[in-house]
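One chain follows as structure tokens, the form predicted on its own.
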């Protein structure tokens, strides 16, 4: 029976990062991927923040199949025929060391896997891990669906996504509840680069990231997004899993309605559908350091619940990369001690804090609760657009002051001052 120093389940950003770091250190590493190739089963919105990967692979943008550096960020409250937006643009983001890029996972993950393989890691695709191998209460390997598919290792790193083996087997954490995750669905549309630049007011290879709340999901908790790639556009919605049973429409129908919104359609009307993807996104499930490791076992990336959603931005891939570095360094520490027990693996949360993963999740721990407020997805987007209409419309007779406009809009939504104060406080507590 084959034995490795580390077996990594999942060839996504967390797993491949751990494999790359370990392989560079001369460790014998095996990465198991259930898809036909890395990225074939992976989906995310589309933005990769550059700092973590730049530290691991300096100037990676000169080698990696990145799409566009994001220079324009837009957050919009969307009504049925209006929007009220906040925009931030920084042309400095179009120059090294950059801030973030749009990427397509099918391309990026293949490239990233190649970096790990060139460093000495072994990648095995089309391989489903069915269970752990146990010995005296400790994980010592995995069982796969292949013939003679039992593989042994000093340690197993689970980086196989939100519906991870560690959850399905109840080893580290329990399986997902509907309130613990959101469903993301998106389409990738092919569009000429000049059409993208014209539609999104971009220059050269600049990229844009749009986030929408309100009519994007027809008042259902969640939001919409659009990211520009070189010659493709990623458009999608994210909805709370707990809302699915209450919906009268299927997620794909909501996405189609979002695409046909009068303010969205002009941006993407020249696009041709090339791909449809769906993905579960963990939200607020990482609340205990003890749910990250067990004798002979670590969880990283989405498998550990490492996603940060503040309402302004969603971070997943960069947290996955940093958790992969922390997992690899934990394994190297335990290798020096020749001890992969919980006691030695307990250094993992300390390294996660060092790299900002747990520190950020703990800092914004109240954000998931704030984002459950239903007023964020209907009342406030409609109110914002109503205020915009009142501010920019000219009617006969005396003009109303801003305080009068706000008061009338608030009363029309049956929104008390106490509701607003309470929501502002919850938002400040969640995001400050």
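Numbering follows the first chain given and starts at 1. On a predicted model such as this, the values are computed, not experimentally measured, just so you know.
Keep in mind that the form predicted in complex with a small molecule is not shown, yet the notes after this line are about it.
Listed stretches are 242-250, 261-269, 134-142, 316-324; the contact stretch with the small molecule in the model of the complex is 316-324, by a heavy atom cutoff of 4.5 Å. The partner is absent here; in the model of the complex, the one residue of 211, 127, 71, 83 having a heavy atom within 4.5 Å of the small molecule is 127. Distance criterion of 4.5 Å from any heavy atom to the small molecule in the model of the complex singles out 307 from the list 217, 76, 307, 234. For the chain shown alone, residue 400 is not a contact residue for the small molecule in the model of the complex, no non-hydrogen atom being within 4.5 angstroms. Taking the partner from the other structure, the small molecule in the model of the complex has no heavy atom within 4.5 Å of any heavy atom of residue 18. Contact annotation for residue 161: at least one heavy atom lies within 4.5 Å of the small molecule in the model of the complex. Taking non-hydrogen atoms only, residue 41 approaches the small molecule to within 4.5 angstroms in the model of the complex.
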